[in-house]
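Quick heads-up: the structure tokens below are two forms of one chain, split into structure 1 and structure 2.
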Structure 1
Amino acid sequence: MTRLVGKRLLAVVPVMLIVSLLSFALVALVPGDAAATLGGPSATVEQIAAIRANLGLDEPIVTRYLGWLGHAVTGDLGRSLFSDQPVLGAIGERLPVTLTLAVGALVVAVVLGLPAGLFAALNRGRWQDRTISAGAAGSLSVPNYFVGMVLIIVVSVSFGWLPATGYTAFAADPAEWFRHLVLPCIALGLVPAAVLARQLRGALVGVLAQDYMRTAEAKGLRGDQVLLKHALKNAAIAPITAVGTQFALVLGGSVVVEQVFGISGLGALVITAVQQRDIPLIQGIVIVAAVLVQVVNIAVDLSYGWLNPRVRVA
């Protein structure tokens, strides 16, 4: 198991190296003289010189990359072109909000997708199964930001049940925090819920036909033991992988959903950064997002070891 963890962690290195190259290459993609373009038409000569210095544009590209990488590894992602704030600090301020949203969305996905997948698998081929499958296909087709707007129209505007926009810190008022989170998390969580339900249904249909499920029944286990212990652990790999993959999509999706619900998280930050063409900040956000996704992927991979004992030996 320790070897498995070690091997998995080592595999992160090349991926992160490529990610660093990609995000470093962003500067090279800026058309024309990067410093002048980024400064915009009204920038003074001093401002352009400052941008040039910040990005190290005068040095040879390899030196620049290695220097940048060296700093990045130690957690120094540079400074914002605009506020001159350290990038990591700016991201750190916004990250908790976005992570809360992402985790909340995955909670919604599990709360909706798990029972839906279970129910569909148990009634496979019947109208319940077909209804859930159709519902999942529908959920996969509706963009999360549109779901958010409809939720605002129906739940907030028409019924006034929940606040339409804004965010309250948990420390300030847990109840308000929760009320503000419900709608955006549902908007973000619907697609992963549909993916989870589909994957779980598919895996469960296979598992329920297995001989060991008959054994579990023959032992006289209670219905919930048969289903939640014996079936679910064997059927879990595909849905857990799906949820892991969905994490990256939820993280990206939160950019738009945050905008719809007026929440200032990472999404709002990246949009400001793009509008101001604040390259170091953009690079930092890419790196942080990549690290988050890697962490989730590692967690998913390690869960295989727990779910499937045969993996542990390998």
Structure 2
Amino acid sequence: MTRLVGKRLLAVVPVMLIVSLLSFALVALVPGDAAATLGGPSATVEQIAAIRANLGLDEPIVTRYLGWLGHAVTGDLGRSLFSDQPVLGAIGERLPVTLTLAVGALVVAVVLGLPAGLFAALNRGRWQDRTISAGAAGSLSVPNYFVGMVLIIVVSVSFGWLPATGYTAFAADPAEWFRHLVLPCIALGLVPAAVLARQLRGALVGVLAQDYMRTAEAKGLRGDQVLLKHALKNAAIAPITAVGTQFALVLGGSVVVEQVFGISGLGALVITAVQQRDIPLIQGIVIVAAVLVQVVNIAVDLSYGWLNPRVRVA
């Protein structure tokens, strides 16, 4: 297991380098000029050139990237071009909101997806299986922002059961915190729920058809013991892997869902940064998001060691 962790940590380094390089290059290709935006509509060409030189934006992209990378490895992601706030500070203010939304969406996915996948596998080929499979396929084809708007219209506007927009901190009011998260978490969690249901259903159907499952039943083990002790543990790798991949998609989807529900998280911050062409802030958000995804992937890999003892020896 120690060797596995070491290998995964070493693999993170080139991944982060590639992510940082690609994001820096792509941001440089975005139309617009941060210096012109900072100078305002009345700024002269000379003033814009002076702003660009002061910010180092007139240097070659390779020089700028290497300079940024040298500071980034020490934990300094720079300062926002517009607010002059440290990038890590700006991200730190919004990150808890987005992480809360992402974790809540994954909780919705697990609560809805795993029981649905289990029920479909236990009723393979029957109408229950076909209904759940059709529902999962339909969920995958519906954009999360559309689900969010439907939930707002039906649940908030028509019935007034839950707030349509906004966010309340947990420390301020736990009840309102929960009420404000229900709808956006459902909107963001339906697609991962469908993925988990399909993954678990497919894996469980394969496991239940194995000879050792019939042997366990022949030994006199109860159906729930066979299912929980043998089948689910062996079928869990596929849905756990899906959780890791869906976390990255949930982070990306939160950008849109936060706008639909008026939540001030990383989504609003990255949109503002792109509009202003705030290069350090955009780069910082991409790096932090990539680190979060890598952490989740490592946690998923570690879970394999519990599910599959052979991984612990590797």
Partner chain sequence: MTVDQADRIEREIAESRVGVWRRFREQPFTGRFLRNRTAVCALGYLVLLVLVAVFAPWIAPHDPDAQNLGDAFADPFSAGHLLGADNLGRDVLSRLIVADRVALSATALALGVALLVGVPPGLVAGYFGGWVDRVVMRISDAVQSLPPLIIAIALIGALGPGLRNSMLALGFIFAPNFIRIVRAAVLEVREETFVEASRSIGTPTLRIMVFRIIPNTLPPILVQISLVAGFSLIAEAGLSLLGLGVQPPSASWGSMLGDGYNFLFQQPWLVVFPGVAIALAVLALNIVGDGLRDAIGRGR
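We call the rigid core the largest set of C-alpha positions that still match within 1.5 Å between the two forms. Each residue is numbered by where it sits in the sequence of structure 1, with counting from 1. Predicted, not measured: the structure shown is a model, and the values here were computed from it.
Only structure 2 of the pair represents the form predicted alone. If you fit the rigid core between structure 1 and structure 2, you'll see the Cα of I271 move by less than 2 angstroms. Remark: with the core as the superposition reference, the CA shift of N54 between structure 1 and structure 2 reaches 2 Å or more. Residue displacement note: A43 has its CA displaced by at least 2 Å between structure 1 and structure 2 (rigid core superposed).
Once the two forms are overlaid on the core, T63 shows a Cα shift of 4.5 Å between structure 1 and structure 2.
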